[in-house]
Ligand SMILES: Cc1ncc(COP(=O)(O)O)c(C=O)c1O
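We begin with a single chain expressed as structure tokens, specifically the form predicted on its own.
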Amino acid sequence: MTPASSTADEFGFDVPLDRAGLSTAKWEMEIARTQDPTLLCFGTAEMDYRAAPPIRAALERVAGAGHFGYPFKRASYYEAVVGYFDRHFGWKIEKDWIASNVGIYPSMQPLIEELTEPGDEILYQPPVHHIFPEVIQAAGRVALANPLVERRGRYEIDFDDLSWKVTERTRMLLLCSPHNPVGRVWTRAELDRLSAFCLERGILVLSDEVYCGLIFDGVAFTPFANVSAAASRNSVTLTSASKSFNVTGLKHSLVIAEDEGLRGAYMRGLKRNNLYFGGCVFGQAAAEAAFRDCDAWTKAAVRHIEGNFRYLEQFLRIHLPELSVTSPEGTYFAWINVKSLDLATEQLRDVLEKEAHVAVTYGAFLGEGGDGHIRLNLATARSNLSEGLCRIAAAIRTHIPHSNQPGS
């Protein structure tokens, strides 16, 4: 099976990066961990793409100025943020609603500590990033799992489980929208039902929307706060340019809340670690350029990722029909069901890392519903993906001998 050519790849998405000058958690750290220079890496959640030209130009301007002090957010920064969410989602936010942090997960901590009490329950919806329950538990709260349910190959929110699981101590829900790792983009109807459920029971929603820029063709993304006026007042949106524009290392995120009381609680919480002052001058510049000037780059990136998913889907159908993959509606992940291999996680790791020389994310570490799955990052050159899949198929054939031989 030969790699299909990428369409309109004006940004070089199909050109593998020269790693000689790079030092990343996704590749170099994994290679150092395994001591395997041949390893192909599809794990950590970032793209193998060079950032968009306007972002690189913005960073070059900052570097060229030669001054790296505490940054100030000019009017152009707020105009870029407000314009992006209005242009793409019809969500009309105001400058005063916008605060910042160094990342999505660090922004959860002050909100949890200010708006709940030790021993309170906070909902999360696995399989989801392991940081969700970790942040909750580290704050002395109870992590209350509301696992997603899979129906006919599509993941959904389990409202029946919510109804019987919530107690008088349930104070908050951490929503992942779009959802990592299963790739669901929740519909307006689903979010409206969730909002009504939470409003009726006094549950505040923290909505992690960091993948909102990576929405597949024909799919509509609705910010949770844009579902209704009531949803806006009962939620805080946590987002960033980091995932959609591949600037994860620049450490700048947004915290958006209409309700003045929620914003005040967030700012109070920041005083514990002084994160209310300063910030990353490069991250701020990158965010402004991303939200204002990079629509074409993101559109092309999503097109490339969708093409990679179609390639993976066809490859599995021909060469590994024992495995199945959920059809994503957004993000850059393939969520692959490998239960038919009947391998424990450590056995599966041995097969993929030691035999296939491929690194992925193992679903067992993403909570209930993740066991027997792997998350494979599709935001890479097609040649990397093709080689990785051929390696995986060759290794799996030793455990399922009747799997088909992958072509060259």
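Computed from a predicted model, the values in this text were never measured in an experiment. Just count from 1 along the sequence shown to find any residue number.
Missing here is the form predicted together with the named molecule; even so, the following discussion is about that form.
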In the predicted complex, Y211 touching the named molecule (heavy atom, 4.5 Å): yes
Taking any heavy atom pair closer than or equal to 4.5 Å as contact, tell me whether I104 reaches the named molecule in the predicted complex. yes
Just to confirm, A52 within 4.5 Å of the named molecule in the predicted complex by heavy atoms? no
Does the named molecule get within 4.5 angstroms of any non-hydrogen atom of K243 in the predicted complex? yes
Would you mind picking the one in H88, K251, K73, R233 that has a heavy atom within 4.5 Å of the named molecule in the predicted complex? K251
Between the options Y266, F282, F221, F132, which residue brings a heavy atom to within 4.5 Å of the named molecule in the predicted complex? F132
Given 234 to 242, 288 to 296, 190 to 198, 308 to 316, the stretch touching the named molecule in the predicted complex at heavy atoms within 4.5 Å is 234 to 242
Sequence-ordered residues of 30 to 54 touching the named molecule in the predicted complex, heavy atom within 4.5 Å: A45
